[in-house]
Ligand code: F6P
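There is one chain below, alone, in structure tokens, taken in the form predicted on its own.
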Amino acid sequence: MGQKVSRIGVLTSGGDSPGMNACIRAVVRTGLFHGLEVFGVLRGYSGMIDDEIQPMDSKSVANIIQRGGTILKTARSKEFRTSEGRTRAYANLQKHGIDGLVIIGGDGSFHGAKTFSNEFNIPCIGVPGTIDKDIAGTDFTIGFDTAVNTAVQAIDKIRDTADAHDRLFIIEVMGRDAGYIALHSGISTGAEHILIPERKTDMEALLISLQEKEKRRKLVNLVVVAEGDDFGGANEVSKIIRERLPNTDIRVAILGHIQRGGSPTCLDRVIASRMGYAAVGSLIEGRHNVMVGIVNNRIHYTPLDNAVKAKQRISEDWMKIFKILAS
């Protein structure tokens, strides 16, 4: 437990994710309900350094819960990684009398928050906003459900044209370090193969499987590849398959940043609202350096240090389910 707060700041940092606006709304309105003054920090840590800090009221967050992106903008700040940058940021917080922060972002954002809090003894509460679902200490991250549903909708459409032409489609989804979008969208769309960063890709096994399916005249195949796959993504995978199976009709589809945008799903709106509400409650109760998560449908608190260092792991059960259903 740490010091009490009266003025709090909220910022979004790192990659944007659908549902961040719902969380901002919850932080602002919960803070105001409890008599706190609430400030929005534009462009993440960069805005803190450049004093892009503005007061927020209930009207500031009206009509945003359904919007993707973030009204506070976001950025990745190299300057905040330096002692000089963090000192400037703290001076600006002091100028506005801000004595607590809610940081909505991923592990990089939490690492910055932990360092900043340790240096200047300012309470920081993290809220996991990332489409990758790669933060330990929570069953959900804000934006994952929307992103994976966007991927599923796109892959369903691709399967239609794959079926019409008897094609192999290699579909790249986001996931530089984590394969959750590939795993969930692959299972949901009946993909024949998924390639994820957490597992070393057995290209020989993939090729043998495709050859076997070709013999069975199963010519429609979907391979879902996370961008962080060890072969370098969909384009590199397609090169190898074309070399070994030259008669296969192959197309590549890279879904890209479409997965980051769009109106958040009901699930993302609800968990973002719950987490934002709980983040303000954490500051009021005097918690320091924790991330708010949801585990088994209950609010769960994880020290920022653990949320930064640890990663969710894809269990063998998930892989077994996929292997059986894709056979």
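What you are looking at is a predicted structure, and each value in this text was computed from that prediction instead of being measured. All residue numbers are counted from 1 along the displayed sequence.
Below, we turn to the form predicted in complex with ligand F6P, even though it does not appear here.
J.: Taking 4.5 angstroms as the cut-off for heavy atoms, does residue 303 touch ligand F6P in the predicted complex?
T.: The answer is no: residue 303 has no heavy atom within 4.5 Å of ligand F6P.
J.: Is there a heavy atom of residue 131 lying 4.5 Å or less from a heavy atom of ligand F6P in the predicted complex?
T.: Although ligand F6P is absent here, residue 131 would touch it in the predicted complex, with heavy atoms inside 4.5 Å.
J.: Mark residue 114 yes when one of its heavy atoms lies within 4.5 Å of a heavy atom of ligand F6P in the predicted complex, and no otherwise.
T.: Because no heavy atom of residue 114 falls inside 4.5 Å of ligand F6P in the predicted complex, the answer is no.
J.: Answer with yes or no whether residue 175 is in contact with ligand F6P in the predicted complex, where contact means some heavy atom within 4.5 Å.
T.: So residue 175 counts as contacting ligand F6P.
J.: Heavy atom within 4.5 Å of ligand F6P in the predicted complex: which of 242, 81, 200, 257?
T.: Partner contact (heavy atom, 4.5 Å) among the options: 257.
J.: Tell me, which of 86, 159, 76, 167 has a heavy atom within 4.5 angstroms of ligand F6P in the predicted complex?
T.: Looking at 86, 159, 76, 167 one by one, just 76 meets the 4.5 Å heavy-atom criterion.
J.: I need the one stretch from 190-198, 131-139, 204-212, 234-242 whose residues put non-hydrogen atoms within 4.5 angstroms of ligand F6P in the predicted complex.
T.: This holds for exactly one stretch, 131-139.
J.: Just to make sure I understand: among 224-251, which residues lie within 4.5 Å of ligand F6P in the predicted complex, judging by heavy atoms?
T.: Heavy-atom contacts within 4.5 Å come from 227 alone.
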